[in-house]
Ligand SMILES: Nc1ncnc2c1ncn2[C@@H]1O[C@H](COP(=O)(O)OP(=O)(O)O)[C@@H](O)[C@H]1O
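Listed next as structure tokens is one chain, alone, in the form predicted on its own.
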């Protein structure tokens, strides 16, 4: 479904990614594991189109998308939930969620919100509340729902457990599993190996802008122990 082929990303003279290649099959949940600054976010932003690689290619659903704008990639079915949630604090939960699917009819918007409320009951309970009044975990749920509103085939999650209490990490993990059951392919980045490996099928370990290891959950767990991610 997604093939990242030997991409390099640089910010001025700073190398963020060098020769990175990953493959994701439809229906998988794949983890990018690494310390802060390893290149995880740069890789996700390259896939969604907000960062342009200086070399290499990105192929999505059989189509080379390397030169496409972010909005064009979104229309092809790529969704994104950013690090730090970034909800619109003064907007209602309802409007935050529906901002993830601009251009659809009002009836389609209502249907989408009803569908997502079945997955995230918080949306029904807090629909008219300003998103900025929610806890961090609740805001993460809103960010997930916003990314899911347009029913993407591929969902990218950047540090979904960042700064959350254990009770919210469990609920976010349950939400990721529900997304997978619904048929969504997921690529997620994370520093916290323990909860992330519980929801992933396999993973890649990044360090210094390069893929250092890849393998099954058990293989990545062993590497994470060795490299003190746990």
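This is a predicted model, so every value here is computed, not measured. Residue numbers count along the first chain shown, from 1.
There is also a form predicted in complex with this ligand; it is not shown, and the following applies to it.
Engineer: Hey, in the predicted bound form, does residue 36 get a heavy atom within 4.5 angstroms of this ligand?
Structural biologist: Residue 36: contacts this ligand in the predicted bound form.
Engineer: Is there any non-hydrogen atom of residue 83 lying within 4.5 Å of this ligand in the predicted bound form?
Structural biologist: Residue 83: yes, in contact with this ligand in the predicted bound form.
Engineer: With heavy atoms only and a cut-off of 4.5 Å, decide whether residue 29 touches this ligand in the predicted bound form.
Structural biologist: Outside the cut-off, so no.
Engineer: Going by a heavy atom distance of 4.5 Å, is residue 184 a contact of this ligand in the predicted bound form?
Structural biologist: Result no; residue 184 lies far from this ligand in the predicted bound form.
Engineer: With this ligand left out of view, choose which of 24, 211, 16, 220 has a non-hydrogen atom within 4.5 angstroms of it in the predicted bound form.
Structural biologist: Flagged contact: 16.
Engineer: Partner absent here, but in the predicted bound form, which of 58 to 66, 172 to 180, 193 to 201, 40 to 48 has residues with a heavy atom within 4.5 Å of this ligand?
Structural biologist: Looking at the partner contacts, the answer comes out as 40 to 48.
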